[in-house]
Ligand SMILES: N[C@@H](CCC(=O)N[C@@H](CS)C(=O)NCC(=O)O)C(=O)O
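Just one chain follows, in the form predicted on its own, and it is written as structure tokens.
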């Protein structure tokens, strides 16, 4: 199998967490045309006409897009070890947490992603602050449902952790750092405790290392591209 993905996007991170947890070996392919790249997406659109990452290509050539669907496929095709909580309520909570994250937290982040792609001189600071406030609100939606044992649900990794962990990197670290605003870490005590504990899991630690390194590299490339095309993005 091949996983077409980037290490910066949180959605492939969700898939990699499942792959690592299940010990599934796949070929990682980073397609052109994403993030600060000026390349065209080219042949990748033949694999995933939606033009987003990730996409999983099976050994028989069939391609499957969308991170949630890929994770569900992997769970069905490779059921052991399971990343689904054992009971119906636990599974419902895991789905709920992932859904809250995908709908509310991701959508709150969208204006911030847009702002990160342009020069600071073009930033709409009021819109950025509104988006950051919406991010904090979305984090609050996760607070009542997050687990108490260091994982999103129960005492083991689940699909919900794969959805939440990469988004918390963006909410707690990337966005406050880029826009020079205080981190919302600590505003929601249960979520803050979860974040501090879950990072001790070796699989979570692995995807976090990959994500942080990719974000750092992308920021360096974006600044270089900005200077090259004359936008002159100012000091870091």
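Worth saying up front: this structure is predicted, and the values here are computed from it rather than measured. Numbering follows the first chain given and starts at 1.
Another form exists, predicted in complex with the named molecule; not displayed. Remarks below refer to it.
Here is the short version: of 172, 195, 34, 179, the single residue with a heavy atom within 4.5 Å of the named molecule in the model of the complex is 34.
Scanning 56, 53, 191, 168 against the named molecule in the model of the complex with a 4.5 Å heavy atom cut-off leaves one residue, 53. Considering the named molecule in the model of the complex, the lone stretch of 65-73, 22-30, 179-187, 202-210 in range is 65-73 [heavy atom distance within 4.5 Å]. For residue 219, no non-hydrogen atom is located within 4.5 Å of the named molecule in the model of the complex, even though that partner is not displayed. Of the residues in 1-25, those that come within 4.5 Å of the named molecule in the model of the complex through at least one heavy atom are, in sequence order, 9, 10, 11.
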